[in-house]
Structure formats: structure tokens, C-alpha cells
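Two forms, one protein chain; C-alpha cells for each follow separately as structure 1 and structure 2.
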Structure 1
Amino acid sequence: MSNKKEEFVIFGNPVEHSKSPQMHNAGFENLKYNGIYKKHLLEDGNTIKDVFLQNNYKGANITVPHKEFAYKNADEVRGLANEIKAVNTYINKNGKTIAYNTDAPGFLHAIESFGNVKSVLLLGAGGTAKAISLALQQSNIEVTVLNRSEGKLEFFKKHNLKASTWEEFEIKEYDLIVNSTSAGLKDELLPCPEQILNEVLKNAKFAFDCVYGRMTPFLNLAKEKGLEIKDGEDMLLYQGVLAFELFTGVKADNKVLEAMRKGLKGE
């Protein structure tokens, strides 16, 4: 019986900044699970399934820009991921890739701390936005998607979600404003024109940024306006815990959750 560790990775481009390895490895350690989690820089999203299987990885997480590629290339897609058409988790089951999306439930869990949210303005239209919008829709929370260009809005309209470009947008009141774009991750950009943001933040109560580990210009602006703010750390943690359960087949208890949270914070 070989004691070789089962290998898990995060696929992304870039992937250097990812804190998933320290979070998952802390979870493995807490469970005494014989696994190791690493980063895998992947240039070409279309090769994701082949690379995953050739390396004999037991499981993987997928981050930008590969979530849609991962969906297209999977052998089998389970759950809400079929609707989202983007996946963030692969499991290797007897040489077949089984794909899931844990972003959707991870996001819902992360915004629970805000309390009662009835309406959301969602900035961006990528894989993360798809997951969040459908999760909100399933929870009967009204959601409007706002994106620079028309092209990506088709998906949301097909799912009977309100969707608008910057030009056509009519300002309304929303409880929660969510940034699902990468604006502010490595730059000082806002996710949409400042004029729109100033207007919607004026009447909102909460702001959430999927970017984690830094105060983005979006969160700074929301904080200035007195909103309760939250970065993407909890979303990353909760989607990670759900992926971890799929990886290990073990239900994560509070000890594992806390170990993973500490790992994420680098404690």
C-alpha cells in the first residue's frame, strides 16, 4: 500500500495569488487526510480535462478564466452547475471528471451575515456572476445584472433575470451591491462607472466584493458611504469547504471549518 499523497490543485491564470492551497492543506492536516493541494497555472482552458486526468489529480478547483471551459470539457456535470454552465470543482471518479459549482451555495452562505436582503445589483457577467445570479434567483431574491457590454447578458435574460448594459441602466434602489468582476484585484479600477456606483450606493445597505484579501476601490467607496461591507473571504471559505467535502467524502465539522479559515488567513 503506497503512502503517496492524493494530489489536488487549483487551475487558474493567474494562480499565484491563490490562497486555496493553504486553506485546503490546513483542512487535510486537521482531518489527518493523506492529501496535498497545489497551484497549477493553466494557459489553455480547453486542455483542462486532459491535464487533470493525465496528472492523475484526485480533485481540482477552477478559478478565472477557466470555469466555463471546465464546464464544457467535463464528463459529467452535477447540480446547479448544469444551469450556470460554469464549474469550479472537478472530482476524478475512476478516470472520469465529475464537475460541480460550489460558488453558488458558498456565496449565499457568505451574505447570511447581512441579514435580510431582498434585492441585489450584481456587477459583471462572468462565471461567478452566473453562479451568484442563479443562487439568488433560487432564493427568491430579486437580482439585476449590470455589465459593460451586451454580449454576455444573453445568459441572464434567458433565465428571466433583469440584465442591463451601463448605457441602458436605469437607477433603482437595491439592498446589496455585489462586485463579481476582477476590478480591484490587481489595479485601482472600479467595476463600473463611478457615476452609476455613487447613485446605487447612496441607497444601498450592503456591499460585497468577490475579490478577497484587499480593500478594493469598490469597497472603499461603499465604506465611505456608510455601507456594511464584506470582501470575498467568506465566499472563498464556504465554497472551499463544500469542495473539500466533495474531495474527501467527509462532512466538514466546525473544527475543519476553523482550521480552513485559519489556513486562509495564513495563521
Structure 2
Amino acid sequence: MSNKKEEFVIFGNPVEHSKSPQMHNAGFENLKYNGIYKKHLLEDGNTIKDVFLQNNYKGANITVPHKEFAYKNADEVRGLANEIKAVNTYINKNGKTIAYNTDAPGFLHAIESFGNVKSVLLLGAGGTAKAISLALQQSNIEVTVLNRSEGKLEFFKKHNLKASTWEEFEIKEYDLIVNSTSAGLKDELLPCPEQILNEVLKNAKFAFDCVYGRMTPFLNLAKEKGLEIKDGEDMLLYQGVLAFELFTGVKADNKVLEAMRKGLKGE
């Protein structure tokens, strides 16, 4: 019997910064699963399916800027990914690519610790906002999208979600405010004008930032105002755990989850 390890990768450009290999390899090790997870720098997103199959990868995750290419090229798309039109996971099933989006359920899992959330103001309208907004809608949580510019709002309106720019925004009360913009990722910017944030944070209970590993100006402001806050680490972890279950066919128990969390944190 061949003892060759099954190969898994993360496709991205850039991909060097990705923590997915350390997270998944920790999971494989904990489970004694005969797999290895590596980084694959991919320049042309249109080649993603061919590269995946030619390398005989068993599974893959897909990050910026290839999630939409991966969706378009997949042989079969399952679940909410059909609506989001972007995928972050590929499975190789008998030489066919089966695609999923685990960012959306990963986000829902990450906000469970807040308890009861009925309404959300979602800042940003990029790829992550698409996944989050449809996941929330499917869970019957009311969601309003607020973005700097008009261009990306069409998707949300088509899905019967409230969506507006900063200028048109009518302030209401929300339980949870989510930053899904890239403001605060590598700068000290707030995701929308401070005056809007001051108003919505006054009435909210929780704040979540998709950015992980640092206290963003958004989370600092929310904390100052006494909200319960959370960064994007759990979202990253849970999207990874859900992909890991698809890769291995094994339900991740707490032992695997904690191993993957430690792997993610480099502990």
C-alpha cells in the first residue's frame, strides 16, 4: 500500500502570509491523518481548476484574489456558494472539482458566542460581505449593508437586502456591528465616518471585526463604548475547521479544534 501523503494547498496571490498550512497541518497531526498542506502561489485564477487537478491535490482552500475564479471554474458548486458566487474550498472527487464556501458558516459560528443577535449592520460590500450577508439572511437575522461607494451595492439589493452608501444612510438600532471592510487591516482607518459609528455603537451590544490578530481602530472604539468585541480569528478558524471536515470526511471534535487553533496561533 502506498504511504504517499494526500496533498492539500491554499491558492492565493500573495499567499506567503497565509496561516492555513500551520492550522491544517496541526489538525492532520492530531488526527494522525496522512495529509500535508502547503501554500501554492497562483498568478492566473483562470487556471485554478487545471492546476488543482494536474497536481492531483485532494483538496484546496482559495483566498484573495481567486475566490470568484474558483467559483466559475468548478465542476460542481454546493450550498450557499451558488448564491455568493465565490468559493474558498475545493475537494477532488474522482477527478472533479466540488466547490464550497465555508466563510459564510464560519462567520455564523464565530458570532454564536455573542448569544442572541437579531439585527446586524454590516460595514463593507466586498467578497466577505457577500458571504456574511447571505449567511445572516439565511439565519433570519436582519442585515443592513453600509459601504463607502455605490458600485458594489447591486448584489445586495438583488438579494432583497437593505444596502446604502454613507451619504444615504439612515441611522437605526442594531444588535451587532460588523466590520468587513479592509479598513484597519494595515492602516489606522475607521471603516466609516466616526459620526455614524458613534451613533450606531451607542445602541449596539456587540462588535465584530473580520480583521484578525490586531486591535483595529473600529474594535478600540467599540470597546471604549463598552460593547462586547471579537476579532476575526474564530471566523478564520471555523472556516478552516469546516474545510478540514470536508477534506478528511471526519467531524472535528474539540481536540482537533483546539489543535487547529494552536496551529493558527503558531503555539
Ligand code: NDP
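Start at 1 and count along the sequence of structure 1; that gives the residue numbers used here. Between two forms, the rigid core is the largest collection of C-alphas that superpose within 1.5 Å. For clarity, every value in this text was computed on a predicted model and none was experimentally measured.
Enquirer: Which of these two chains, shown alone, is the form predicted together with this ligand?
Expert: Answer to the question: structure 2 is the form predicted together with this ligand, whereas structure 1 comes from elsewhere.
Enquirer: Align both forms on the core first, then report whether residue 55 has a C-alpha shift of 2 Å or more between structure 1 and structure 2.
Expert: The answer is yes; the displacement is at least 2 Å.
Enquirer: Spell out whether the Cα of residue 144 moves at least 2 Å between structure 1 and structure 2 when the two forms are superposed on their rigid core.
Expert: For residue 144, whose C-alpha is compared between structure 1 and structure 2 after core superposition, the shift is less than 2 Å.
Enquirer: Across the change between structure 1 and structure 2, how many whole degrees of rotation does the smaller rigid part show against the larger?
Expert: Spelled out, the smaller domain pivots 13 degrees relative to the larger domain.
Enquirer: Enter the rigid core superposed C-alpha shift of residue 14 between structure 1 and structure 2, rounded to one decimal in Å.
Expert: In the core superposition between structure 1 and structure 2, the C-alpha of residue 14 moves 4.1 Å.
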